[in-house]
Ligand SMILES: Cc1cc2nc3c(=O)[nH]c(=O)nc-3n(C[C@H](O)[C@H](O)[C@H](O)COP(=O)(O)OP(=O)(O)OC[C@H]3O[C@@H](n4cnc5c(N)ncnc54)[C@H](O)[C@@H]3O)c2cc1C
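In the form predicted on its own, a lone chain appears below as structure tokens.
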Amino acid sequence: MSKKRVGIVGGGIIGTSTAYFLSQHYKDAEVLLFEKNTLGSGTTAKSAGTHCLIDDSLPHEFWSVRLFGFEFYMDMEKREPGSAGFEKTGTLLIAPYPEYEMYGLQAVDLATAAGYTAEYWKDPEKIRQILPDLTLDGVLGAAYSPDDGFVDPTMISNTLGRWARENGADIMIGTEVTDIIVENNKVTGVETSNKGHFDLDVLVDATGPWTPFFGKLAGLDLPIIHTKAEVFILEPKEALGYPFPVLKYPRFYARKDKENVFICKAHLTMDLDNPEHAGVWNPDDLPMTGGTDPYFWDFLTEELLKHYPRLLDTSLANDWVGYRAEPKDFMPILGESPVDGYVLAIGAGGNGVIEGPTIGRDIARYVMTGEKAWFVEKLPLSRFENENLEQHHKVTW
């Protein structure tokens, strides 16, 4: 029996997850992954990689997605220590008002029900045992889990790419897909920059921030925009003197970066009508470092003065900008497109690390069996035909 030839475009965490699940579970799949640079080198390389059960970036409706990703990366570490680059630091989520407190309380219940350690504290002294320098005026409480931390998304992409290759997948780096062949509204193949033509039965778009441009090769105008992930690496003038967890506030988050602090504006607070926050830009023009906007420093200074003034006594060790690719409801677009055989695994934006394993598993299943898991069923491209689009991420903070 001939195998189904599945091409995946994009070697970030979504593309390599899809390649891994296809090659691991479907022996009747011939898997070809095309990456124009190196694995994990696009948005994936600029991700914070926070790997948390106590987190505010997905509604609890999608708890099973978060939990599957969390346990998938832990299983990677058990199979091959260091393969996910996990560093266990714990997470502290600070609740300054009731809606955020409710989210934290629910996260604690869900984490403990899944067998993990998590607590909610109202006592400021308990919170200060984790981070002594926080200003807690007006804070209602904090959710904490010692089991959380962060991963290395580039390492994950390379590990999954290697495991897929060991399973028989053809992982092609430095190979750009330059054209998509569509005949009678069906994908039949691709042209590449250096390896010629490939016949395909299915093409999976996992191109991340390149999606708005790549889709046009198949005549698709996909509803993906970019929001900016602006990052500062702050170097304290004196060592903090305590372990630094993943720190979550409604408007920003931080984690350790060796002896420094990685800090970024929360992606659900981005104003999609503000051209400093959102638009469509060419990711090929994005420098590896630098490029942050002046407003970000003003925003960060205001937040740190209010919540963590000690971090203003730092110098800037590094900064960069990444483009998160997401639709206006901040949720991925999964499954079929108007072009037969062109399958979407796009729009994960700031949640690619969280959602990557679930997307990879569910897209592999859809491609090979036609069956839609609930996550794919819930997040089709067709939802954008409805002007009254449900806002999963209605941010009140």
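The numbering used is simple: start at 1 and walk along the sequence shown. It should be emphasised that the depicted structure is a prediction, and the values quoted were computed from it without experimental measurement.
Same protein, other form: the form predicted together with this ligand, not shown, and the subject of what follows.
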(request) Choose one stretch from 158 to 166, 269 to 277, 226 to 234, 290 to 298: the one whose residues place a heavy atom within 4.5 angstroms of this ligand in the predicted complex. (result) 226 to 234
(message) Suppose contact means a heavy atom within 4.5 Å; in the predicted complex, does that hold for all of 218, 335 and 360 with this ligand?
(response) no
(request) With this ligand left out of view, choose which of 198, 144, 253, 100 has a non-hydrogen atom within 4.5 angstroms of it in the predicted complex. (result) 253
(request) Could you spot which one of 32, 65, 48, 344 gets a heavy atom to within 4.5 Å of this ligand in the predicted complex? (result) 48
(message) Please tell me whether any heavy atom belonging to residue 87 falls inside 4.5 Å of a heavy atom of this ligand, as the geometry stands in the predicted complex.
(response) no
(message) At 4.5 Å between heavy atoms, is residue 121 in contact with this ligand in the predicted complex?
(response) no
(request) Decide whether residue 176 counts as a contact residue for this ligand in the predicted complex under a heavy atom distance cut-off of 4.5 Å. (result) yes
(message) Just checking whether residue 364 would be counted as a contact of this ligand in the predicted complex - the rule being heavy atoms within 4.5 angstroms.
(response) no
(request) Give, in sequence order, every residue of 5 to 20 that has a heavy atom within 4.5 Å of this ligand in the predicted complex, or say none if there are no such residues. (result) 9, 10, 11, 12, 13, 14, 15
